[in-house]
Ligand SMILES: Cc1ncc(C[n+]2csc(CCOP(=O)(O)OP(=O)(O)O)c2C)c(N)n1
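Below you'll find only one chain, the form predicted on its own, shown as structure tokens.
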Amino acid sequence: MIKTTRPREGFLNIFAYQTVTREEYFVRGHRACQGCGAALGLRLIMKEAGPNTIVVNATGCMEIISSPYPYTSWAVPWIHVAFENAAAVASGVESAIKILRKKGKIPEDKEINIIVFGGDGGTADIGIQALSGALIRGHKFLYVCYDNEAYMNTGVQGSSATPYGASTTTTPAGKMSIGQGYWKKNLVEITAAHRIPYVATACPSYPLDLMKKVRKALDADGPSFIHMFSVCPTGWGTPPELTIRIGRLAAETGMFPLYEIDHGKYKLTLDLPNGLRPIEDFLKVQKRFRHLTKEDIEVIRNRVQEEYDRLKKMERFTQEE
């Protein structure tokens, strides 16, 4: 069970295990599509982060829907930056705060969170160079990749985070193509290879798990990274009312396992006592996978099981150290 985080004034008790504030820092009025998993995730993340937060937002879905001039859905300081330099800008913000502390303009004991939001295109593809550099330098901020598994903002083009077999406008399925022809880039392992304090996967379908991981990431003694699965009804061809269910199916089938790497120690954070659910439960509700044959699905099933078994081995190995 998820235990209670540190209590704060004005918080509402949820199931007696974790508290969630009534305050909103990513507010209503944005232009997200119905059933947008990323928008729900941002709302939950900002509830945990609180008002003393600076947001650096790369170009993408969440930037477009939250800031149509002259309006904004952000109740905290917010910076819109290009696809490729979000992590670099966050590095500059963190360095500026350090200087202001030394000059006595910001109290040493005042907590200021820095959170970067970038999509899978702006993270796994365009922005990975700046992200890698920031992680190597050790800048303290949380980078959240909201992964809807394609360039949804510009027309559902495939990215390196698009899953194998998915049909997009640049990887269309047909007689000569299965759709996306290579496996999804493993952002968690890439960022963990930088030996940063905290890395995790999360999904807004499991809100308390997501918020607990955000708190761990913000409290980490260095940079942190959360890879957030974000259901996209528009790009995936799914009913908006099934967003939460599809997110859970992704975790339960192993298509997007929930785990964390806390100072090198792996831990699966979703208990699946009966093993993984059939992969078809996740695939069959999405139009982007409707062309897959039984043979294609079997290839995906084997890969997913292999990766899940590897995670379980890593958990046992690192926890025993």
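Each residue number is its position in the shown sequence, starting from 1. What you are looking at is a predicted structure, and each value in this text was computed from that prediction instead of being measured.
Here the subject shifts to the form predicted together with the ligand, a form of this protein not shown in this document.
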Legend entry - Option from 234 to 242, 220 to 228, 77 to 85, 132 to 140 whose residues, in the predicted complex, bring a heavy atom within 4.5 Å of the ligand: 77 to 85
Legend entry - Contact label in the predicted complex: residue 152 to the ligand, heavy atom within 4.5 Å: yes
Legend entry - Non-hydrogen atom contact residue 41 with the ligand in the predicted complex at 4.5 angstroms: no
Legend entry - 4.5 Å heavy atom contact, residue 59 and the ligand in the predicted complex: yes
Legend entry - is_contact(residue 247, the ligand) in the predicted complex, heavy atom dist at most 4.5 Å: no
Inset, instruction - Could you check which residue among 148, 201, 91, 167 gets a heavy atom within 4.5 Å of the ligand in the predicted complex? - result: 148
Legend entry - Members of 105 to 123 lying within 4.5 angstroms of the ligand, judged by heavy atom, in the predicted complex: 119, 120, 121, 122
